[in-house]
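Below, in structure tokens: the form predicted alone, a single chain.
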Amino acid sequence: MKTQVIISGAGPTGLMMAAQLCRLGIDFVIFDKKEGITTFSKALGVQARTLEIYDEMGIAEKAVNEGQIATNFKILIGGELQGGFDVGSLGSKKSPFPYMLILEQFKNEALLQDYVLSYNKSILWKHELVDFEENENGVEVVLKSAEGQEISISAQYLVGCDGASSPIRKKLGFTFEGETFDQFFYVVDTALEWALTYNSDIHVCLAKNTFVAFFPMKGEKRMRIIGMLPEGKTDKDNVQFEEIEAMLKREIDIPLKMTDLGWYSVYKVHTRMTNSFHKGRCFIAGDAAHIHSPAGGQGMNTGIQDAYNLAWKLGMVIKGFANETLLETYNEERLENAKNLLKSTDAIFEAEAGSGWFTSFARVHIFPLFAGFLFKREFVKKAMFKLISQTGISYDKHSLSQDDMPDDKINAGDRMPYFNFEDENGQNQSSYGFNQDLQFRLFYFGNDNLQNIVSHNNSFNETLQRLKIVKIDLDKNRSIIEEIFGEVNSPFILLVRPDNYIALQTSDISVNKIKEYLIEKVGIVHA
């Protein structure tokens, strides 16, 4: 069997990789040793950046309909409401999805699987990796089916989305360093009878030595409950659900009854990452490259972003549009992101679950007093949304980013800002309405006809034909443009990558500037 890309693992990361390769018209084989998509809820939070990608794929509306938007965060101590704040509009005007969506992992996997199947692609379930070898022409992978039959597949590239115990990561010789928290945690999905609200409210019950969080899920009175077991518990296999329920009632001081138990698990929290995402023709992504605490709901979303970052680069190289040096930027960008993410999730998790005297004191006596006040401040809401939603991830210091206007509020390497504008026909448009086919886009902010400018250079037409050109009239849209970019005294352009990050920001409105960037930074072949 021959293909262009082999994907090991069909969880959220692997399925997203497959979905993006479908969009790009790249052939692939995806396999997993499991029987099918997970039947458990597992990861729960879907952040704005992931929903923006779903929107490009035409599945965001279905995701939102199947999930539950979280709108309020409520803090309780000793069974009494001590404060809270609105989380349903944290990202107002910053994203078409200014909230966190609570959507179980199995539903995300089902959406992505259906998307892949809609392209007449199949998933090799119950197939396990036996071995792989890289050679000068690509990668040779040997799989074994549930019946014991061995299958040999040749491909140009191999992507390991095969989880925290990744055989691919291990054979590549990458490290996976980090730590494991001593205390056990539990997760319960259940229908819940209590006197507090259901619907869209997240409830967090704080105590000196523990916390318990309740997340609303789609369905009649359904909740995800996360909490800590008492210190000293050393054998998770001997923890029964009835013990968790009794302990929960004591800790939160709120009468409740659990019915229709869906799933529960006891686990330890790990925080680890690899030292590299890329070696030769092999890549790793998702849990194979990094695992985090559950704080902020980042894990599944980060794996999805890994796949989204890598897929368009593989597509351009495989199609012959760019040389292989472009693939080195995957490791450059996503490795640093993983480092930053571990720092932030560890800090949040320590505040939630740390047992130090000051952390315990602050959790109960300081945080509830100041949370409501702080989250009414726009700069706090903006910073929190950027962090949690993953819309604040930036590659501004990396090799694919070139900024000739560095003093502006938006930099090359930042995610393309979300805003609405009036086009030349007087129609309302979104800056996110032009990326259905994963291509570079050229946004021209000015009053002249940019098409007339770029069409004079016939030698560059082949490359320009692969650019979606969007004109945003400065006169018609000055107020919204200056709100986002700062004061604008002259026309400028943004060259936006297929993954919706700004590649080039410049006031040099010329074909040669675009050509120079694409050749030198991206390695465009046909320029």
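All of these numbers come straight from a predicted model, not from anything done at the bench. Residue positions are given as counts along the sequence shown, with the first one as 1.
Heads up, the form predicted together with a small molecule isn't pictured, but that's what we're talking about next.
A.B. asks: Would residue 129 count as touching the small molecule in the model of the complex under a 4.5 Å heavy atom rule?
C.D. replies: Looking in the model of the complex, residue contacts with the small molecule include residue 129, since a heavy atom lies within 4.5 Å.
A.B. asks: Determine whether any heavy atom of residue 216 comes within 4.5 Å of a heavy atom of the small molecule in the model of the complex, and answer yes or no.
C.D. replies: No.
A.B. asks: Does any part of residue 412 reach within 4.5 Å of the small molecule in the model of the complex? Heavy atoms only, please.
C.D. replies: Taking the distances in the model of the complex, the answer for residue 412 is no, it never comes within 4.5 Å of the small molecule.
A.B. asks: Is there a non-hydrogen atom of residue 105 within 4.5 angstroms of a non-hydrogen atom of the small molecule in the model of the complex?
C.D. replies: It does: once the small molecule is placed as it appears in the model of the complex, residue 105 has a heavy atom within 4.5 Å of it.
A.B. asks: Within 4.5 angstroms, counting heavy atoms, which one of the listed stretches 196-204, 398-406, 162-170, 85-93 is next to the small molecule in the model of the complex?
C.D. replies: Among the candidates, contact is made by 162-170.
A.B. asks: Which of 21, 518, 10, 504 has a heavy atom within 4.5 Å of the small molecule in the model of the complex?
C.D. replies: Looking at 21, 518, 10, 504 one by one, just 10 meets the 4.5 Å heavy-atom criterion.
A.B. asks: Using a 4.5 Å heavy atom cut-off, which residue among 381, 441, 224, 278 comes into contact with the small molecule in the model of the complex?
C.D. replies: After the contact test, the surviving option is 224.
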